[in-house]
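Shown here is one chain on its own, the form predicted on its own, set out as C-alpha cells.
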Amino acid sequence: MSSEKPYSFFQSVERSFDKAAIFTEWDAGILEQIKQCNSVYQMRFPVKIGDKVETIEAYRVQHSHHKTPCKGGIRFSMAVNQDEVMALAALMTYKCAIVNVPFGGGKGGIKIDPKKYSAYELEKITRRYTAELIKKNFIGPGTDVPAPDYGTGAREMAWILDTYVAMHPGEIDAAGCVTGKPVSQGGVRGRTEATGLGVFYGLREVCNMKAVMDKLGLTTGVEGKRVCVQGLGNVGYHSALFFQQAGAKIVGLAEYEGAIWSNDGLDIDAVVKHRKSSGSINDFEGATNFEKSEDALEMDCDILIPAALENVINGENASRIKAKIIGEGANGPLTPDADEILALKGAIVVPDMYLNAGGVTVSYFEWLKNLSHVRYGRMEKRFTENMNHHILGQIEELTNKKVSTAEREFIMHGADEVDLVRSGLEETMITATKEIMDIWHANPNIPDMRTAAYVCAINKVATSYAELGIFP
C-alpha cells in the first residue's frame, strides 16, 4: 500500500507552485493572486437525448486574467469535475507564460462519456454548452478561446464556431473564438500533430545537452534512445512517430487494453494498423504482451513518455521506474511524491506544464491567423521560391557546377503554412527548454526541472501584473 497523501489534482498543482515560490522574491500577496483561479463557472443545462431530457454537468474556469484572452481546451469525460478543470486551467496559465504565448489560462469540461452519444446528440450538447458560455461572456476572440482536449477534436470546435458566429452576426474576428478548427473553417495546418511534435522538440533539446546526458550516463542526441510511450492517442502517437523518424527505438507501447514490448523496436504505424484490425495492441507480431498496461511503465528504457492519464506514476510505483528521462506528454501524469522519489533516483522529469505546450503554441498561431485573415506563407512563398531560383542559377553559373535534383528542390522550396508553423513551434520549445535549464542550473537548491519551470512561470506572470501597475 502507498503511504502517499491523497492530493487532489489542483492541490498537487498548488503544492508544486509553493515548492517553487520560495525561489522567487515576489510578495506573498502577489503569489496568492497568481495561484488562485479568478473565475469558476459551474453549469447545469438540459438537453433532449432520444425520448428523455438529460441534465448535463459542465464547467469553464478562467484561472488568470494577467493576459487576455484566456486559453484552454474543452474535454468530454466522465472524470470531469471542478477540481480537475481548475488544475488544468492553472497549468495553462503557467504553460502559456513559459512559452511566451500571451494568454491567461483557462479550461473547460463537460461530464459525459462521448462514446455513449451519437454525433447528432454530441452536437446538441456542444452547441448548448457554447450558448451557456456566450450568456456569461466566457467565450470570444478577446475574452476566452477554447480548443480541443481529451474527447474532443476539430469537429466539436467547428460546432462551437458555428454557434458563436450565429449569435454574433457581423463580428469580423469571430473565427478567433476557438482554435483547433478544421482548416476549411479557419484552422491552421500543423495543429493536429502539434502537441506530440512539441513533446519531441522539448525532449530532443534535453537530449542534445551534453552535460545533462553525461550526468544521466546517456549519449548525447535522440538517435538510438530507447523510448516507451503510454497512450496512443493524438499526443502519444505523434510523440512516438517523431522519435521513430529521428532514429530512436520505440521499445514499449501501452494502452488501456494492454501493453507490448520489443527490445528490437516497434513500428508505430504497424502497431496502429494492427490495433485497428484486431481492436487491441496486444499480440503484435514480434512483441511481448504485458498482463497489465501499467507494467510497461516500469520496463528498462531511456525515455518514458506518459501521454494518457493523470497520476499514473505515484508514490507507490515511482521507485520502480527505470527510465532516466520522463517526459510528461499528458497533464499531471506524476504526483508530487513521485517527483521527489525520481529526483532522489537522479532521473529528470521534463514537466507537462511546458513539454505539452505544442498545442497551445500552435493554437496561438491559429488565433493570429484568424485575426489577420490571411494564410501563413501566402504573401511570401512564391517570392521566396523565385528569389531562391535566381540565387541558385547565379551560383551554378559562377561555379559551373549543377546542384542535384533533390538539393535543388530543397533550396528552392518556399515555406508552406505547415513549414512555418513547425518552425515556430521548434523555436518556441528550444527557447523554453534552455530558459528552464538556465534557471535550474543557476540555483543548485532548485530540486528538479518542474520547480525550475514553475519559477520561470511565476516570474513572468508576476512581472505582467507588476508592469500593469496592479502591484507595487
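Residue positions are given as counts along the sequence shown, with the first one as 1. Nothing here was measured: the structure is a model prediction, and the numbers come from that model.
From this point on, the text means the form predicted in complex with glutamic acid (GLU), which you will not see here.
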Original post:
Within a 4.5 Å heavy atom cut-off, is residue 149 in contact with glutamic acid (GLU) in the predicted complex?
Top reply: yes
Original post:
Using heavy atoms and a 4.5 Å limit, would one call residue 363 a contact residue for glutamic acid (GLU) in the predicted complex?
Top reply: yes
Original post:
Does residue 198 reach glutamic acid (GLU) in the predicted complex, with heavy atoms at most 4.5 Å apart?
Top reply: no
Original post:
Is residue 95 close enough to glutamic acid (GLU) in the predicted complex to count, meaning some heavy atom within 4.5 Å?
Top reply: yes
Original post:
Want to guess which of 293-301, 261-269, 68-76, 134-142 is within 4.5 Å of glutamic acid (GLU) in the predicted complex, heavy atoms only?
Top reply: 68-76
Original post:
Considering 179, 335, 230, 130, which brings a non-hydrogen atom within 4.5 Å of glutamic acid (GLU) in the predicted complex?
Top reply: 179
Subject >> in the predicted complex, the one of 359, 327, 236, 105 near glutamic acid (GLU) [non-hydrogen atom within 4.5 angstroms] >> reply: 359
Subject >> Partner contacts in the predicted complex for 182-204 (non-hydrogen atom within 4.5 angstroms of glutamic acid (GLU)) >> reply: 191
